[in-house]
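Okay, so here's just one chain, in C-alpha coordinates, the form predicted on its own.
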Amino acid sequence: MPPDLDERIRRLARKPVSVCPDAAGRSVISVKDIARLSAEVGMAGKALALRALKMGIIPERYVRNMDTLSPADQVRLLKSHAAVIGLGGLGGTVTEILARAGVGTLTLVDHDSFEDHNLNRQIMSSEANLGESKADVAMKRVQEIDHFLDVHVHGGYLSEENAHVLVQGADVIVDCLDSIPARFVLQRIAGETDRPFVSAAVAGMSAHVMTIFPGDPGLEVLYGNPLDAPEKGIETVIGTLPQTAIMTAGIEGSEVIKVLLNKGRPIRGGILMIDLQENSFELMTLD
(Lines give C-alpha, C1' and ligand atoms only; values in the text may rest on other atoms or scores of the structure.)
Protein backbone atom coordinates (compact mmCIF):
# COMPACT_ATOMS: atom_id res chain seq x y z
CA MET A 1 0.00 0.00 0.00
CA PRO A 2 1.44 3.42 -0.92
CA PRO A 3 2.55 5.22 2.28
CA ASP A 4 0.61 8.38 1.46
CA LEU A 5 -2.55 6.61 0.28
CA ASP A 6 -4.81 7.80 3.11
CA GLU A 7 -3.70 11.39 2.59
CA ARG A 8 -4.35 11.15 -1.14
CA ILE A 9 -7.86 9.82 -0.45
CA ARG A 10 -8.48 12.69 2.00
CA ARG A 11 -7.37 15.24 -0.59
CA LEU A 12 -9.85 13.83 -3.10
CA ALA A 13 -12.72 13.78 -0.60
CA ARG A 14 -15.21 16.63 -0.72
CA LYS A 15 -18.56 17.71 0.55
CA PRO A 16 -21.25 16.88 -2.03
CA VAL A 17 -22.34 19.87 -4.07
CA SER A 18 -25.58 18.31 -5.32
CA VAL A 19 -28.82 18.43 -3.38
CA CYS A 20 -28.53 15.14 -1.54
CA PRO A 21 -29.94 15.09 2.01
CA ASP A 22 -28.45 11.64 2.60
CA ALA A 23 -24.95 13.10 2.30
CA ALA A 24 -25.41 15.93 4.80
CA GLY A 25 -22.28 16.32 6.88
CA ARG A 26 -20.40 13.54 5.05
CA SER A 27 -17.26 13.54 2.99
CA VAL A 28 -17.58 11.68 -0.30
CA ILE A 29 -15.33 10.52 -3.11
CA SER A 30 -16.48 10.17 -6.70
CA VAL A 31 -16.31 7.21 -9.06
CA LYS A 32 -13.95 9.15 -11.34
CA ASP A 33 -11.59 10.04 -8.50
CA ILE A 34 -11.41 6.43 -7.29
CA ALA A 35 -10.74 5.25 -10.85
CA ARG A 36 -8.02 7.86 -11.35
CA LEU A 37 -6.34 7.00 -8.06
CA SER A 38 -6.61 3.30 -8.86
CA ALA A 39 -4.68 3.83 -12.09
CA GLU A 40 -2.08 6.02 -10.39
CA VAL A 41 -1.26 3.69 -7.49
CA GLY A 42 -1.96 0.34 -9.16
CA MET A 43 -4.56 -0.66 -6.57
CA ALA A 44 -7.97 -2.16 -7.32
CA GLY A 45 -10.87 0.27 -7.19
CA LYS A 46 -12.80 -1.97 -4.79
CA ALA A 47 -9.87 -1.95 -2.36
CA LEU A 48 -9.74 1.85 -2.55
CA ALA A 49 -13.49 2.10 -1.93
CA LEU A 50 -13.08 -0.14 1.11
CA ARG A 51 -10.20 2.00 2.35
CA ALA A 52 -12.24 5.19 1.97
CA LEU A 53 -15.21 3.69 3.82
CA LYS A 54 -12.99 2.66 6.72
CA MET A 55 -11.77 6.27 6.87
CA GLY A 56 -15.38 7.50 7.05
CA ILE A 57 -15.32 8.79 3.46
CA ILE A 58 -18.28 7.47 1.47
CA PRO A 59 -17.87 6.53 -2.18
CA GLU A 60 -20.48 8.80 -3.69
CA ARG A 61 -22.16 5.89 -5.52
CA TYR A 62 -23.23 4.55 -2.08
CA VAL A 63 -24.28 7.80 -0.46
CA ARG A 64 -27.99 7.12 -0.99
CA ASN A 65 -27.56 3.84 0.90
CA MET A 66 -26.78 5.87 4.02
CA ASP A 67 -28.09 5.73 6.77
CA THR A 68 -30.32 2.71 6.28
CA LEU A 69 -26.96 1.05 5.72
CA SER A 70 -23.98 2.18 7.76
CA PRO A 71 -20.43 2.56 6.40
CA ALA A 72 -19.63 -0.71 8.20
CA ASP A 73 -22.57 -2.39 6.41
CA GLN A 74 -21.24 -1.12 3.09
CA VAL A 75 -17.82 -2.54 3.89
CA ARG A 76 -19.41 -5.88 4.68
CA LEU A 77 -21.31 -5.92 1.38
CA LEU A 78 -18.17 -5.08 -0.59
CA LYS A 79 -16.43 -8.01 1.09
CA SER A 80 -19.35 -10.37 0.36
CA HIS A 81 -19.88 -12.88 -2.42
CA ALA A 82 -23.26 -13.93 -3.83
CA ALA A 83 -23.82 -16.67 -6.42
CA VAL A 84 -26.88 -15.98 -8.60
CA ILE A 85 -28.01 -19.06 -10.50
CA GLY A 86 -30.34 -18.21 -13.38
CA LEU A 87 -30.25 -14.80 -15.08
CA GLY A 88 -33.76 -14.47 -16.46
CA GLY A 89 -36.77 -12.61 -15.09
CA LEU A 90 -35.69 -13.01 -11.47
CA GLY A 91 -31.94 -13.37 -11.77
CA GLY A 92 -31.32 -10.41 -14.07
CA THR A 93 -33.08 -8.03 -11.69
CA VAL A 94 -31.51 -9.61 -8.58
CA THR A 95 -28.10 -9.16 -10.21
CA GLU A 96 -28.87 -5.52 -10.95
CA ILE A 97 -29.92 -4.94 -7.33
CA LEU A 98 -26.87 -6.62 -5.82
CA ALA A 99 -24.49 -4.75 -8.12
CA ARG A 100 -26.05 -1.40 -7.29
CA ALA A 101 -26.08 -2.20 -3.56
CA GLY A 102 -22.35 -2.91 -3.71
CA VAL A 103 -22.01 -6.67 -3.23
CA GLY A 104 -18.31 -7.01 -4.00
CA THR A 105 -18.17 -10.37 -5.76
CA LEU A 106 -20.85 -11.89 -7.97
CA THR A 107 -20.90 -15.33 -9.55
CA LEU A 108 -23.49 -15.40 -12.34
CA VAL A 109 -24.64 -18.63 -13.97
CA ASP A 110 -26.96 -19.26 -16.92
CA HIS A 111 -26.64 -21.53 -19.96
CA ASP A 112 -29.23 -19.69 -22.03
CA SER A 113 -29.29 -16.87 -24.59
CA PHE A 114 -31.88 -14.11 -24.91
CA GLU A 115 -34.92 -14.77 -27.10
CA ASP A 116 -37.92 -12.68 -28.14
CA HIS A 117 -40.16 -14.12 -25.42
CA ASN A 118 -37.79 -12.84 -22.72
CA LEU A 119 -38.47 -9.21 -23.62
CA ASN A 120 -41.68 -8.95 -21.59
CA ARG A 121 -39.97 -9.34 -18.20
CA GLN A 122 -36.20 -9.97 -18.28
CA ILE A 123 -34.65 -6.63 -17.42
CA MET A 124 -31.32 -7.36 -19.10
CA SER A 125 -32.89 -8.36 -22.42
CA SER A 126 -33.27 -5.95 -25.32
CA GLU A 127 -33.90 -6.17 -29.02
CA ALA A 128 -30.22 -5.40 -29.53
CA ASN A 129 -28.94 -8.41 -27.54
CA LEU A 130 -31.28 -11.13 -28.77
CA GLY A 131 -29.24 -14.27 -29.32
CA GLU A 132 -26.51 -13.21 -26.90
CA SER A 133 -25.49 -15.21 -23.83
CA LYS A 134 -27.37 -14.14 -20.71
CA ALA A 135 -24.23 -14.68 -18.64
CA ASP A 136 -22.13 -12.45 -20.91
CA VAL A 137 -24.78 -9.73 -21.00
CA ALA A 138 -25.08 -9.85 -17.20
CA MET A 139 -21.32 -9.47 -16.78
CA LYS A 140 -21.30 -6.50 -19.13
CA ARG A 141 -24.22 -4.94 -17.28
CA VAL A 142 -22.55 -5.28 -13.88
CA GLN A 143 -19.36 -3.74 -15.26
CA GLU A 144 -21.41 -0.82 -16.64
CA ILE A 145 -22.89 -0.27 -13.18
CA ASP A 146 -19.69 -0.75 -11.15
CA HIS A 147 -16.52 -1.88 -12.87
CA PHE A 148 -14.77 -2.20 -9.49
CA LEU A 149 -16.80 -5.31 -8.61
CA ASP A 150 -15.45 -8.81 -9.17
CA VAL A 151 -17.67 -10.81 -11.52
CA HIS A 152 -17.37 -14.48 -12.48
CA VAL A 153 -19.68 -15.94 -15.11
CA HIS A 154 -20.48 -19.45 -16.27
CA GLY A 155 -22.45 -19.90 -19.46
CA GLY A 156 -23.24 -23.59 -19.01
CA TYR A 157 -25.83 -25.68 -17.23
CA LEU A 158 -25.85 -26.18 -13.48
CA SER A 159 -25.45 -29.89 -12.76
CA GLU A 160 -24.79 -32.31 -9.93
CA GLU A 161 -21.19 -32.49 -11.16
CA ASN A 162 -20.38 -28.77 -11.29
CA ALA A 163 -22.64 -27.20 -8.64
CA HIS A 164 -20.02 -27.27 -5.89
CA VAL A 165 -17.49 -25.53 -8.14
CA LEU A 166 -19.93 -22.89 -9.39
CA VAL A 167 -20.88 -21.69 -5.90
CA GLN A 168 -17.40 -22.00 -4.41
CA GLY A 169 -16.56 -19.11 -2.13
CA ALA A 170 -20.09 -17.66 -2.11
CA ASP A 171 -21.56 -16.45 1.17
CA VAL A 172 -25.12 -16.96 -0.09
CA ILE A 173 -26.64 -18.98 -2.94
CA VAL A 174 -29.50 -17.37 -4.86
CA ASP A 175 -32.00 -19.53 -6.75
CA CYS A 176 -33.47 -17.77 -9.79
CA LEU A 177 -33.99 -20.96 -11.79
CA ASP A 178 -37.00 -22.22 -13.70
CA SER A 179 -36.05 -25.89 -13.22
CA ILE A 180 -37.42 -27.49 -10.06
CA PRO A 181 -34.89 -30.40 -10.04
CA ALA A 182 -32.05 -27.87 -10.37
CA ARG A 183 -33.45 -25.94 -7.41
CA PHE A 184 -33.22 -29.09 -5.33
CA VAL A 185 -29.59 -29.53 -6.42
CA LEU A 186 -28.80 -26.01 -5.25
CA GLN A 187 -30.60 -26.50 -1.95
CA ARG A 188 -28.62 -29.69 -1.30
CA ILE A 189 -25.31 -27.99 -2.12
CA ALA A 190 -26.22 -25.09 0.17
CA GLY A 191 -26.89 -27.52 3.01
CA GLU A 192 -23.72 -29.51 2.40
CA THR A 193 -21.59 -26.36 2.39
CA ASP A 194 -23.43 -24.67 5.30
CA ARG A 195 -24.61 -21.69 3.28
CA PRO A 196 -27.93 -19.84 3.30
CA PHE A 197 -30.12 -20.34 0.24
CA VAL A 198 -32.60 -17.75 -1.06
CA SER A 199 -35.21 -19.12 -3.46
CA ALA A 200 -38.07 -17.56 -5.40
CA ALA A 201 -40.45 -18.49 -8.19
CA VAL A 202 -43.01 -16.60 -10.25
CA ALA A 203 -46.11 -17.58 -12.20
CA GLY A 204 -48.62 -15.15 -13.66
CA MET A 205 -49.38 -12.61 -10.93
CA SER A 206 -48.36 -14.93 -8.10
CA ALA A 207 -44.99 -15.71 -6.56
CA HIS A 208 -43.27 -17.03 -3.47
CA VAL A 209 -39.97 -16.31 -1.72
CA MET A 210 -38.12 -18.44 0.86
CA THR A 211 -34.83 -18.05 2.73
CA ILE A 212 -33.52 -21.41 3.84
CA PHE A 213 -30.63 -22.00 6.21
CA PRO A 214 -29.04 -25.44 6.64
CA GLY A 215 -31.40 -27.60 8.67
CA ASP A 216 -34.48 -25.48 7.94
CA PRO A 217 -37.59 -26.81 6.19
CA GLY A 218 -37.02 -26.33 2.50
CA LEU A 219 -38.36 -26.84 -0.99
CA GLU A 220 -39.88 -30.19 -0.05
CA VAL A 221 -42.68 -28.23 1.63
CA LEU A 222 -43.67 -26.85 -1.77
CA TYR A 223 -42.82 -29.65 -4.16
CA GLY A 224 -42.76 -32.82 -2.07
CA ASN A 225 -40.18 -35.53 -2.71
CA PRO A 226 -37.50 -34.24 -5.12
CA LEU A 227 -37.72 -37.50 -7.07
CA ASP A 228 -41.39 -36.83 -7.80
CA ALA A 229 -41.12 -33.10 -8.49
CA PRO A 230 -42.10 -31.82 -11.95
CA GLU A 231 -39.47 -30.29 -14.23
CA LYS A 232 -41.24 -26.91 -14.42
CA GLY A 233 -43.77 -24.97 -12.39
CA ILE A 234 -47.17 -23.61 -13.33
CA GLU A 235 -45.59 -20.65 -15.14
CA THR A 236 -45.42 -22.87 -18.22
CA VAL A 237 -49.23 -22.79 -18.24
CA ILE A 238 -50.14 -19.26 -17.12
CA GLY A 239 -47.04 -17.28 -18.15
CA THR A 240 -45.01 -14.74 -16.20
CA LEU A 241 -45.79 -11.02 -16.08
CA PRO A 242 -43.15 -8.29 -15.77
CA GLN A 243 -44.54 -6.66 -12.66
CA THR A 244 -44.56 -9.96 -10.77
CA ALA A 245 -41.04 -10.91 -11.82
CA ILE A 246 -39.50 -7.53 -11.03
CA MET A 247 -41.27 -7.07 -7.69
CA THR A 248 -40.41 -10.62 -6.58
CA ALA A 249 -36.79 -10.10 -7.59
CA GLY A 250 -36.78 -6.98 -5.42
CA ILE A 251 -37.87 -9.03 -2.42
CA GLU A 252 -35.38 -11.78 -3.24
CA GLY A 253 -32.56 -9.25 -3.56
CA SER A 254 -33.58 -7.72 -0.25
CA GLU A 255 -33.40 -11.15 1.39
CA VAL A 256 -29.88 -11.65 0.03
CA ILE A 257 -28.72 -8.31 1.43
CA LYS A 258 -30.28 -9.02 4.84
CA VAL A 259 -28.56 -12.40 4.95
CA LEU A 260 -25.19 -10.93 3.98
CA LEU A 261 -25.48 -8.19 6.60
CA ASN A 262 -27.11 -10.38 9.26
CA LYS A 263 -29.51 -7.48 9.62
CA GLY A 264 -33.29 -7.42 9.66
CA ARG A 265 -35.67 -10.36 9.64
CA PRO A 266 -35.30 -12.72 6.69
CA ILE A 267 -38.16 -14.93 5.46
CA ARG A 268 -36.85 -17.91 7.40
CA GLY A 269 -38.96 -20.81 8.61
CA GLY A 270 -41.74 -19.73 6.31
CA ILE A 271 -42.84 -18.84 2.79
CA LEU A 272 -43.91 -15.41 1.61
CA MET A 273 -46.85 -16.01 -0.73
CA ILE A 274 -47.62 -13.14 -3.10
CA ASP A 275 -50.77 -12.59 -5.16
CA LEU A 276 -50.74 -9.29 -7.03
CA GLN A 277 -54.18 -9.94 -8.49
CA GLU A 278 -55.66 -9.66 -4.99
CA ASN A 279 -52.87 -7.50 -3.47
CA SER A 280 -52.27 -10.32 -1.00
CA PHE A 281 -48.98 -10.88 0.85
CA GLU A 282 -49.10 -13.77 3.29
CA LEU A 283 -46.20 -15.11 5.36
CA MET A 284 -46.92 -18.76 6.04
CA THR A 285 -45.00 -20.35 8.91
CA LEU A 286 -43.55 -23.83 8.39
CA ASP A 287 -43.83 -26.16 11.38
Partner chain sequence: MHVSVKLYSILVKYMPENAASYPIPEGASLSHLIRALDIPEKIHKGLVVFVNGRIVKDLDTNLADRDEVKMFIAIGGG
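Positions refer to the first chain, counted from 1. Quick caveat, the model's predicted, so the values are computed rather than measured.
The form predicted together with its partner chain exists for this protein as well; it is not shown, and the discussion that follows is about that form.
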Q) Quick one: of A101, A207, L186, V167, which gets a non-hydrogen atom within 4.5 angstroms of its partner chain in the predicted bound form? A) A207
Q. In the predicted bound form, which of the stretches 216-224, 59-67, 27-35, 45-53 has residues with heavy atoms within 4.5 Å of its partner chain?
A. 216-224
**Q.** Within 4.5 Å of its partner chain in the predicted bound form, all of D275, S280 and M284 (non-hydrogen atom)
**A.** yes
Q. Does its partner chain get within 4.5 angstroms of any non-hydrogen atom of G89 in the predicted bound form?
A. yes
(Q) Please determine whether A82 contacts its partner chain in the predicted bound form, using a 4.5 Å cut-off between heavy atoms. (A) no
Q: Indicate whether its partner chain has at least one heavy atom within 4.5 Å of a heavy atom of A13 in the predicted bound form.
A: no
Q | Contact flag, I9 vs its partner chain in the predicted bound form, heavy atom cut 4.5 Å | A | no
Q. Which residues within 197-217 place at least one heavy atom within 4.5 Å of its partner chain in the predicted bound form?
A. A200, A201, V202, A203, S206, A207, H208
